[in-house]
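Just the one chain here, the form predicted alone, laid out as structure tokens.
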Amino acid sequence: MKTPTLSRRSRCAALLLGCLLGLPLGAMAADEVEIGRRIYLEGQLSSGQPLTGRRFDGTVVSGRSAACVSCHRRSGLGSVEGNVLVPPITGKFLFASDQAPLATMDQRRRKSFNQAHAPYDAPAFARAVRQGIAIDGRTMQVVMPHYGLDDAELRALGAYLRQLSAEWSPGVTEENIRLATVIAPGVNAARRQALLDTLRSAMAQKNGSTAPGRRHMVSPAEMMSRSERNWQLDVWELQGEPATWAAQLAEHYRRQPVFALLSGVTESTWQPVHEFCSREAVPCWFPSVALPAAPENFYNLYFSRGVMLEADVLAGHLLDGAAPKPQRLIQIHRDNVVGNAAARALATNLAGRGITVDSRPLGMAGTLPALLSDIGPTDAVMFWLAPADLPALAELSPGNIRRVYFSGELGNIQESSFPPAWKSVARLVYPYELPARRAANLAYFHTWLKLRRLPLVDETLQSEAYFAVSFLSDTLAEMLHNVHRDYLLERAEEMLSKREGGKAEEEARMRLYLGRPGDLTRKYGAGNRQVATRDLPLTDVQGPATPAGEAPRRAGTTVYPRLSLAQDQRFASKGAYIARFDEQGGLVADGEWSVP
């Protein structure tokens, strides 16, 4: 994480606050802020010793466990942990002399979140940190440690808090938020256009509700605070080899900083984009990638681990003992970044586990008939194939091959287009919701495409892009004027699973309403796409039928069965099915949803 730097305005404000608190003019020196940063983020004192705190129940915490960030988060804007309120503690919330601004409208706490209080001065701040006594004399929550910081360490901590989340992040103004989407070289032209059309149309709809007289009220606080902004989208098209992408991304960002990277697509590596976001502290918001980069980083959010997840799920399936292990697993894969990485991951998972793994690249070095010529009934085959490879497979017969697996992530497999001769032996490692529920989850999305006159080109890609816009809009609405990158990611962690449940009900109501012939024209006039649904009865909502033997659960809004994040988690979907084709040719689960 970068050492915080202060603008001239922030330095002046900090020095003024220091004077008001009785601090010397040098209190905001960079070294003092750095000491405060280490206390706050790392739980380390200026002496190098670990920070130690004692809670009111006698529990002692030390080092990183005692660091303020563990509860108040990187942004300093707090959170809700179950029924426990963790309040914002940045300078404008602790030391401001006027009415404290709202940090969020988290619906779990409603008005009790972020109540106004008298400003802390130096003695009150020391009492809060050392004794756990709030400005109004109340004892703080039992989970709040009190620390034995000396005067210099208190000043350093206060200095860090005064500059923390003090100004909006780059790419944000009073009226606008600038975003960018990244498109890597080699993306199919039709998929590229489908992504851009979906993003632009969803953003145009969102901006239309922001225009004067057409505001969409996400929450009462958002309406009263007038915090909704117009979005602007830049398209960063990368060229050439991945080794050159870092410089291209840096140049795009130098010309026009953006608040976040929204969606994005690649058919090869994403590593340079991931590293750019980590380096510049720019949120990477749910790109469509089969091979997410490593290692996990605070600023990069993904739908799933892609082919790495599939490799883990398949290895677990082959080793679980439910069926005899194959003597040999042959992997047929494209000789590219994604195919090679997937094959390596599965081979690593199976190393020393009693299954010989033979990886065979598809391409100039070998055709499908040649690569499959020596496979017998005791072998298993894993195809890491793209949709363009399936027609060639349709010309072949599985012969005496009895166990065949396909990548659902890479293959984008549709029941109607899958080679019929292979259906009886095929199993899919399938990270998506199964077709019946998937259709229910995406019913509103398909209606939205029709209303916006957009063709369905790639259901997974387009629905992921639509979700990225929708979830970003909902998250920013709860943040109000606190438009800080760290806070965006923290709010995403807390909101996602809760938001998905509520959004599924909302979209079900909307879908029923839009499905009534003539309602749009009768209510709003020809050509008007503005639809209000808050008065639709909940009793009209019917989710998909629950299959026999499966626990009932609420539908989501994406191609995935469920999306959720916890603190510092960066992959929203955690598992996959092993699926098969039934007698009617439909795709069904061959076991439970598997989370490795």
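Start at 1 and count along the sequence shown; that's the residue number. Computed from a predicted model, the values in this text were never measured in an experiment.
Another form, the form predicted in complex with a small molecule, is not on view; read the next lines as being about it.
- The stretch among 433-441, 86-94, 386-394, 465-473 whose residues place heavy atoms within 4.5 Å of the small molecule in the predicted complex is 86-94.
- Using a 4.5 angstroms heavy atom cutoff to the small molecule in the predicted complex, none of 294, 338 and 343 count as contacting.
- The small molecule in the predicted complex comes within 4.5 Å of no heavy atom belonging to residue 427.
- Under a 4.5 angstroms non-hydrogen atom cutoff, the small molecule in the predicted complex lacks residue 563 among its neighbouring residues.
- Contact annotation for residue 332: none of its heavy atoms lies within 4.5 Å of the small molecule in the predicted complex.
- The closest non-hydrogen atom of residue 317 lies beyond 4.5 Å of the small molecule in the predicted complex.
- Note on the partner interface in the predicted complex: the residue among 422, 231, 120, 303 having a heavy atom within 4.5 angstroms of the small molecule is 120.
- This chain is displayed alone, yet in the predicted complex one of 144, 480, 488, 308 has a heavy atom within 4.5 Å of the small molecule; that residue is 144.
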